[in-house]
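Below sits a lone chain in structure tokens, taken as the form predicted alone.
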């Protein structure tokens, strides 16, 4: 069953003399427990698409369903994580995660218990009382990821979540995300500019054109799980990388 279905969605913005078409007739499906990647030129409309799915922006035409139900005015239908962690600096790590439970009207004590359990389950309980300024960039992203999971553990939208992290820390975060995904049976849609990141994480990859964004290719990543960085040197992975490069060339 598709957890998320985007069908023929378009979006434009008014300008002084004409409308700017940003997304043109895009269709994307994400099955339950699947990880789907989106890759495309900078500024093509990936973030706009995420803002539409998360109800930040309306869309002009098409249809979006989550768990086979039409997208409506209700918020909180997905967890949304940005490239920057955006932790509240005056809150400790535990409090940042608690907030995701509290905005869903979960009582404070229960929210605290849930947040503590989440930190314990994923090896971060020792950082519960750290403020964001006391954490490394990679640790901030881990806390931000758990806060996103706390807000909604069914569907996560990750908008270039590791783009600002150095390569070594990024690989650790890839493995951390895959551990959480497997343990909690998450469904994930993420954007990236990193071809190898897309191959390492995703079950399928959608390639978008330059603006107005359309789907120019859909690639199935047939690599065994659990994924390891060493798999990126196999013939299958190299073939996928070559196809992605060719598809992205056609978007220029």
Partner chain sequence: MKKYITSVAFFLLFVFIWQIAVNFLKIEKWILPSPLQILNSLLESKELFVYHLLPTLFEAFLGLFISVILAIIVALAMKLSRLFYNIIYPFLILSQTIPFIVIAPLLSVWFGFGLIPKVILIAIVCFFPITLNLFAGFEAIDHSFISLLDSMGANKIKKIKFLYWPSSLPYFFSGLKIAASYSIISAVVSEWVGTDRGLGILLIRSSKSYVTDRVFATILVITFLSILLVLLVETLQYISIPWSQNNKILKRSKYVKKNNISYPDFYRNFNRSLFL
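Given the structure is predicted, the values throughout are model-derived calculations rather than measurements. Numbering follows the first chain given and starts at 1.
Omitted from view is the form predicted together with its partner chain, to which the following refers.
Considering non-hydrogen atoms and a 4.5 Å limit, does its partner chain approach residue 31 in the model of the complex?
No, residue 31 stays farther than 4.5 Å from its partner chain in the model of the complex.
Residue 102, heavy atom within 4.5 angstroms of its partner chain in the model of the complex
Contact check for residue 102: yes, within 4.5 Å of its partner chain in the model of the complex.
Determine whether any heavy atom of residue 116 comes within 4.5 Å of a heavy atom of its partner chain in the model of the complex, and answer yes or no.
Because no heavy atom of residue 116 falls inside 4.5 Å of its partner chain in the model of the complex, the answer is no.
Evaluate residue 56 for contact with its partner chain in the model of the complex, applying a 4.5 angstroms cut-off between non-hydrogen atoms, and reply yes or no.
Heavy-atom contact with its partner chain at 4.5 Å: present for residue 56.
Contact stretch among 117 to 125, 158 to 166, 177 to 185, 86 to 94 - heavy atom within 4.5 Å of its partner chain in the model of the complex:
Correct option: 86 to 94.
Just to make sure I understand: among 143 to 164, which residues lie within 4.5 Å of its partner chain in the model of the complex, judging by heavy atoms?
Contacts from 143 to 164: 147, 151.
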